[in-house]
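Only one chain is shown below, in structure tokens, and it's the form predicted alone.
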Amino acid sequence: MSNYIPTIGVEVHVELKTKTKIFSPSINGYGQMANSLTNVVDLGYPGTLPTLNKEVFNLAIKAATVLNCKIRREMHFDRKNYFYPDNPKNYQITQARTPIGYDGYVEIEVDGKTKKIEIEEMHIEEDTCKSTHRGTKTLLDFNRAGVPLIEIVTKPCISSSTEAKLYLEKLKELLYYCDISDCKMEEGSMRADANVSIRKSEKDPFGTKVEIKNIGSISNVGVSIEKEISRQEKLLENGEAFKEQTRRYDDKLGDTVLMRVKETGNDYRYFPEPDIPFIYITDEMIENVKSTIPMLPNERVKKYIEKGIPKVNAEKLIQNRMLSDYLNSILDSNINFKIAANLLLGDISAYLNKEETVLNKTTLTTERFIDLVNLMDNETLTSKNLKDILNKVMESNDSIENIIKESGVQNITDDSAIKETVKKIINENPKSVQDYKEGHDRAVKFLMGQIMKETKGSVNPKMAMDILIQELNI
């Protein structure tokens, strides 16, 4: 048990899903040949002027809305001046004084309780170019220069690595579902920094802050915070003081590594960007953007539970947006949604993974899926039967009924036929019948197994079980 209280804040840079960059018409893309998606604006040529991409503001307004931020109606851009190879203009265009969003929050659930992670501000800025270090050389790729970003900064209100990870997972989920960003941390389109300090008591002032930069995954955010808390605890227990500093997480070491010590506060000499006029956000812009926001994950979970889907499956569904969107398209249908969810998360997901494909590239239209659910619901088809015809269901345009008929997997639902099979199995297994009468429940399972074997799995299992119990109790 630690004797210290951690105080954590998280800063997240998220690349926006626009077609072009924020201040130039260059394509906003990933994975292309180095320096192929650039022009003179991205490269910082003297005399070039920025041209603002309106879609950046639409996505930023959308992000501010889903993050419960207040939206600033009048704002300007600022120049953040610093000299570094990844910054060809020697300044970055950002929003230092007038961030578009502020005073927001994201709700997470910790140990069964809801906690608000407060957002200090959310501002728009341009990305820098990508630096790749090889030995003593640094290579620069300007494809990333000028890609639009939003930076989301929390207040120092996070109390543990667990809370930090839950916050990032929820943030990623919200931004992804709203098509604001693809949030691929492995590609750098979502990057997290953590600020960590510790203190003995909540009455004490905040401890010395350490910033951990550019952590490559949500799990590593948790590890790096834990490592940093432990490192600071050891220093303080040994009576050692340390200066405010910047560290990075090293994957190979599984620990944080010193980058630089902050001797003085950063002075970026911010001043308003003279080449971009003030921006004014209207009520009409905000309402237009709000109308494009889809059903959010929390709403989906609530809706699914109302439709009879167990909470655990409802939460699994929203982890796969493709499946969730597919289900949403038939929410007005009168079907058994518990069966629908089981199918999507079970056999259908298994098929998609095995074939390395996606649902909209199969022949399973929503109409055919509804038929499939109804046939499972009325027990014309069992889970075992479905496995035998799954490939045809996913790859053929034929009706589900025809596939069942042609494959010969239709369930036996005729009472008299089932009763005849049950009597046959009872007559052939007197020892198991005696075991049942003596109170051994496992005997029923054995007899049911024999019935399924006799009918090659084609009998309706519920009807067979009911008739078996009835016959055993005669």
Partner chain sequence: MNDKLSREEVLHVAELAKIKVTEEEIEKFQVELKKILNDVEKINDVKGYDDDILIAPWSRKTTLREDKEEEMLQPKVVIETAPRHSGNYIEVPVVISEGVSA
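In this text the structure is predicted, and so the values were computed from the model without any measurement. Positions refer to the first chain, counted from 1.
Quick note: we don't show the form predicted in complex with the partner chain, though the next part is all about it.
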Original post:
Can you say which of 103-111, 77-85, 158-166, 368-376 gets within 4.5 Å of the partner chain in the predicted complex, counting heavy atoms only?
Top reply: 77-85
Original post:
Any of the heavy atoms of residue 456 lying within 4.5 Å of the partner chain in the predicted complex?
Top reply: no
Original post:
Any of the heavy atoms of residue 20 lying within 4.5 Å of the partner chain in the predicted complex?
Top reply: yes
Original post:
Taking the shortest heavy atom distance, is residue 34 within 4.5 Å of the partner chain in the predicted complex?
Top reply: yes
Subject >> 4.5 Å heavy atom contact, residue 267 to the partner chain in the predicted complex >> reply: yes
**OP:** Identify, from the list 254, 346, 272, 294, the residue with a heavy atom within 4.5 Å of the partner chain in the predicted complex.
**Re:** 272
Subject >> Listed residue (418, 448, 433, 52) with a non-hydrogen atom within 4.5 angstroms of the partner chain in the predicted complex >> reply: 52
Original post:
Are all three residues 307, 323 and 442 in contact with the partner chain in the predicted complex, where contact means a non-hydrogen atom within 4.5 Å?
Top reply: no
Subject >> in the predicted complex, residues of 282-306 near the partner chain [heavy atom within 4.5 Å] >> reply: 285
